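Below, in structure tokens: the form predicted alone, a single chain.
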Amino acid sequence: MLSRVADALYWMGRYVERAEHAARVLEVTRQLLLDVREVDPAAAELHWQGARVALSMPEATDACAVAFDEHEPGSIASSVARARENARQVREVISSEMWEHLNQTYWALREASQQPAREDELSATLGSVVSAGFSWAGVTDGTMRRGEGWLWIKLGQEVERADRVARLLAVRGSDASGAPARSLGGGDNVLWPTLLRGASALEAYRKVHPARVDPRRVVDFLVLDREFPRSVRHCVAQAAALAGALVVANGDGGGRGRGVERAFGRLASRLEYTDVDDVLSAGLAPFLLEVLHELGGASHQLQRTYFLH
């Protein structure tokens, strides 16, 4: 496969995942602010600031900017537009259904951005972006051969998902000292369920821990759970497996791809043999920042190895 094609597929997977994650976090945060703002405006501002930082948009002025500002690299509209542009470049590789779903999402978002700002309309738009992300992933799995193209898309998705969940938890789940936050505008009953909803994990968490939402268990679930598809550990393990599959697909038995596989594999092994006590003793934010650094290094090595510069 040509480097430019692999590059486009990988980043298409990342941008679709980024848009879906941002839409979910923004909607969960907006619902939280409705409950907190009148009771504790200062706490509401902290929540809003934390959400913007977690989405890599600290300067965003309001929810509409996060959703619709195509000039802001971290916005939902920007992510969808970039995913669509990458898809346009490789239409001969992806299925027509994948292109149609992504194209429809792009134009629906453009149309919504031109409408008057209304709370109910914005909520519906954000929900449709999340649904479109799930639908696009299903269409991808249902219409593509499990060849090299599919591997690149899925690898991009897993790397982006690990990055976004780790970033969300590092920013929103820690106080300034890096210790797990126990109270922020309502305490555990507000913050930790919000984090789980932001990762689409609340129902799955409650099936494992039905009694209560406990900070330590939330950290364990979102970082280290073996089976939940959005935990950092699961995403990194999947990324390592996909990197290995790409080595086989490229017929690169002992060459350049092995370094990429090892980079993801080292991080996967670290998370495999870490427990929640290790995470908390290191400090939640410092631990996750190290994970993000290693993940970024592995992704950079992947791009340096496989893609044109």
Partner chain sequence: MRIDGYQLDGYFDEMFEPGGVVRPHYRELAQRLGELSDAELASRRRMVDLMLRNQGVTFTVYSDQSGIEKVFPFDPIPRLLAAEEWDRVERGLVQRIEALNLFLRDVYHEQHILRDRVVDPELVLGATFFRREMMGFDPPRGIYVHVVGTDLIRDRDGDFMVLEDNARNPSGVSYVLQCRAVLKRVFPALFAHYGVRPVDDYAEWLKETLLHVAPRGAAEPTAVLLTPGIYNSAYFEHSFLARQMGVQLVEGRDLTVKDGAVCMRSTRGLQRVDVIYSRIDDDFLDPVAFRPDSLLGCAGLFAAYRGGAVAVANAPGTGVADDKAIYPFVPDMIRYYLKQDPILPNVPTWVASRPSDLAYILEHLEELVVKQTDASGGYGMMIGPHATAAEHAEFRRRVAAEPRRYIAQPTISLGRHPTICDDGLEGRCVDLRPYVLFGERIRVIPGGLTRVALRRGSLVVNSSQGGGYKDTWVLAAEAGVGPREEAADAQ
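Note that the structure is predicted; figures quoted are calculated from it, not measured. Positions refer to the first chain, counted from 1.
There is another form of this protein, the form predicted together with the partner chain, and it is not shown here; the text below is about that form.
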Selected contact from Arg217, Arg206, Arg88, Arg230, since only one has a non-hydrogen atom within 4.5 angstroms of the partner chain in the predicted complex | Arg88
In the predicted complex, the residue from Arg37, Arg270, Arg256, Arg262 that sits within 4.5 Å of the partner chain by heavy atoms | Arg256
In the predicted complex, Trp192 touching the partner chain (heavy atom, 4.5 Å) = no
Would you please decide whether Glu148 lies within 4.5 angstroms of the partner chain in the predicted complex, comparing each non-hydrogen atom pair?
-> yes
May I ask you to check whether Asn250 falls inside a 4.5 Å heavy atom distance of the partner chain in the predicted complex?
-> yes
Ser3: touches the partner chain in the predicted complex, heavy atom cutoff 4.5 angstroms = yes
Three-residue site Tyr15, Phe68 and Glu111 fully in contact with the partner chain in the predicted complex at 4.5 Å by heavy atom | no
Partner-proximal stretch of 163-171, 196-204, 117-125, 80-88 relative to the partner chain in the predicted complex, 4.5 angstroms, heavy atom | 80-88
Heavy atoms within 4.5 Å of the partner chain in the predicted complex is the criterion; list the residues of 289-307 that meet it.
-> Tyr306
